[in-house]
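Here are two versions of the same chain, shown separately as structure tokens and labelled structure 1 and structure 2.
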Structure 1
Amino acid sequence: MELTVTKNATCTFCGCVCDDIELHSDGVRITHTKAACVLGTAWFKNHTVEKLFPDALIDGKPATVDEAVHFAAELLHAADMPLLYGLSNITCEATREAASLAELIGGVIDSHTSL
């Protein structure tokens, strides 16, 4: 297998959004990280390009992404006060979109850090 080096990779794991990380991969797994903290290294090394799961699930059964989006939209529309939870491993732009979605659907946002 050929070694691939990706420079200036961005890690979104803890929210610091470090963007000076170098990743070495063998085409399937990341084998080495440079300039990543312990959390980032563990996050990168435990993600693969292997497809282990279907693109989406509805009630535990494989579904297309379009079907899952439609189903999620129906659930959110029917909810009284939907909770958007987590958001710790996403970008600022994605957080902005989540806040807009919560406002649109009358929902609330909570972070895992509230624990």
Structure 2
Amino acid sequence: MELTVTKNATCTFCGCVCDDIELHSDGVRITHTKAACVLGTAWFKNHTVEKLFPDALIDGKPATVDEAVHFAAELLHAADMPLLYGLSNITCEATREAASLAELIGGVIDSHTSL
């Protein structure tokens, strides 16, 4: 178990996106935060990198990421009007990939903003 300190980490829990947070972690979870508010602290401490979930599920059964990726591609390719929705908890880089995928499959792309 090795203690690491991350300085100037960025909290994404609310729109303030504070980027002055210090995080102490033991490699599995975040054990201590500095400068974060109550919401941010709870958010950081809530996460672990333990493997709590299967890599992927197809129809409720465990599958590999590769199988799931190919099955997803098949489903999206077969659809006439696929919808891509979400975007508020993913990075800008991931959103760019999503926009490009939406163009490729002739789909609709939408975010929480439309609610």
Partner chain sequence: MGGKVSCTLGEVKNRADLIIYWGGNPAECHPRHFTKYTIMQKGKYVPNGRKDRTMVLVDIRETPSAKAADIFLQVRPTKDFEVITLLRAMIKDQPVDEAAVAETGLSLEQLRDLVARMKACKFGVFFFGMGLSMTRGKHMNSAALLTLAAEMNAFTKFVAMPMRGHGNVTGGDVILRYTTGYPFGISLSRGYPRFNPGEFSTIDLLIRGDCDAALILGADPGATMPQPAIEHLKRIPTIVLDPKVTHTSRLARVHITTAATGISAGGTVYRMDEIPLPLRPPLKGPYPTDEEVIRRIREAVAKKADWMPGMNGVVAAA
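Each form is matched to the other, and the largest set of C-alpha atoms that superpose within 1.5 Å is called the rigid core. All residue numbers here follow the sequence of structure 1, with the first residue given the number 1. Only a predicted model underlies this, so the values are computations on that prediction, with no experimental measurement involved.
Which of the two shown corresponds to the form predicted together with the partner chain?
Structure 2 is the one predicted together with the partner chain.
Superposing on the rigid core, does the Cα of residue 70 end up 2 Å or more away between the two structures?
The answer is no, as the C-alpha of residue 70 shifts between the two structures by less than 2 Å after core alignment.
Once you overlay the rigid core, does the Cα of residue 98 travel 2 Å or further between the two structures?
Result for residue 98: no, shift under 2 Å.
Is it true that residue 27 shifts between the two structures by 2 Å or more at the Cα, once the core is aligned?
After core superposition, the displacement of the residue 27 C-alpha between the two structures reaches the 2 Å mark, so yes.
Give me the C-alpha shift of residue 39 between the two structures, core superposed, in Å.
Looking at the C-alpha of residue 39 between the two structures, the offset is 4.6 Å.
How much does the C-alpha of residue 9 move between the two structures, in Å, when the core is lined up?
After core superposition, the C-alpha of residue 9 moves 2.9 Å between the two structures.
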